[in-house]
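Shown here is one chain on its own, the form predicted on its own, set out as structure tokens.
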């Protein structure tokens, strides 16, 4: 692999490239889905190939192939170079200038205890069938869905600057749902995904089978739950729920390519523009967001990004103030930064690396506060668990979020179950209302496994961790009338 990578760079240099790099990747994915008592999808596949980037006269050229051999590499490098030259003719500005990055010669491997690909298909199918059987035995459950998704990427990266990096990333994920029906009404309750860069030991730690009956019973209970009273309510949100709110209202708005308008054609720009950096009040003083692509088990913990930039840890929001962004080598210089934050990632060998959300988490409170203590501070509110529907505008300001399970809070106590709760807010107002955090003991590294961005769309994964959090006076509505 090193010889092939070096050959690609040699060809690019001979052609006159200002910069070039190559990624050779071998992506293995295994997906098993069970619906009710029947396997509906059992897939185990490898996607193997390479992609080449060439920079010439301030413009990119990119090409790829699934034929990993010398003759094909030469052909693809020449194609990428010709695309870069053609693109440079259309540029009306000074063009692309890359942030500097030290030369790296390294290897990074996800630490695992049990190789998930050494666990037999039959064993995995059997576990999912057991989960579904437990859910279907609960009265009023009419459908059960469960799955495993396992990924492993082996990648070799080389750049014209002299870097040669090998990575091997293993990711495991599982989820299941029960659908309850009564009359013309239905409700769904999920054991929601807790993906992690880890081995099969993480799947075992989730106690999937042990929780199946409880999930089904909660789905049934949702059928007879009460609708919420609409109006301003205090909210106590659990880490799983917050992971999506963080992702949409903090993660995407602080991607520097979106901030600079690169993403305007797909999912919008961002209100968190560069002049706000260092002075804009994003939230209350309790709001501290750290990006950490070195987080053990983090979904974006890959050692290096797909531009060969070493993974880092940095502040994004500190004491409520916007201080930084995620960035790539291309966009970092646009705000005067000399180095990328290492957020350039591609979902396959045939994709061009783009600016992606890092492992981004809300820092827990300094005191050992429990979720029950947060609830005790609420006179009239709602406790929300898990992810549900969401919507956010094209500048990442106005949003709406639902959840998976809801309980009324009255006079400091969690009371009756509620259903179909949604809340509305504006990003700085919402984070400005943060008034309490649980301690480190209750912090969870939840995350997203399938974040879509770009045209053509790419999918990426990242951890969005959080403690339990208390928000004051948020606008609550009914999801159904």
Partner chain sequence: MKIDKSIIDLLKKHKQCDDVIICYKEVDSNLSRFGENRITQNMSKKIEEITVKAVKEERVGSAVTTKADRNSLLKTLKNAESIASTIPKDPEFMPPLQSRKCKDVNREVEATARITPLMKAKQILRIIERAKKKNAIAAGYFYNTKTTLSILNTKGFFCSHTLTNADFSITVSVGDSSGFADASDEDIKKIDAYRLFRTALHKAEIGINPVEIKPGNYSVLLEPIALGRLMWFLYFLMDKRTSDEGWSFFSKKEGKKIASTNITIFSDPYYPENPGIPFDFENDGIPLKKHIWIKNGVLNKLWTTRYWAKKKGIKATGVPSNLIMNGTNKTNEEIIKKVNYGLLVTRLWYIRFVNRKELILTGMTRDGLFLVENGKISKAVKNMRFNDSPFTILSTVKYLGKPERVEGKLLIPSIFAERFHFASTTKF
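Quantities reported herein were computed from a predicted structural model and do not represent experimental measurements. Positions refer to the first chain, counted from 1.
Beyond what is shown, the protein has a form predicted in complex with its partner chain; the following relates to that form.
Remark: residue 183 counts among the residues lining its partner chain in the predicted complex, judged by a heavy atom distance of 4.5 Å or less. In the predicted complex, none of the heavy atoms of residue 57 sits within 4.5 Å of a heavy atom of its partner chain. Proximity of residue 167 to its partner chain in the predicted complex: non-hydrogen atoms within 4.5 Å are absent; the residue sits far from the partner. Proximity of residue 62 to its partner chain in the predicted complex falls within the 4.5 Å heavy atom cutoff. Look at 336-344, 255-263, 276-284, 367-375: in the predicted complex, residues with non-hydrogen atoms within 4.5 angstroms of its partner chain sit in 255-263. This chain appears without its partner; in the predicted complex, the one residue of 79, 214, 104, 154 with a heavy atom within 4.5 Å of its partner chain is 79. Just one of 411, 205, 224, 391 comes within 4.5 Å of its partner chain in the predicted complex, counting any heavy atom, and that one is 391. Residue 248 is the only member of 235-257 with a non-hydrogen atom no more than 4.5 angstroms from its partner chain in the predicted complex.
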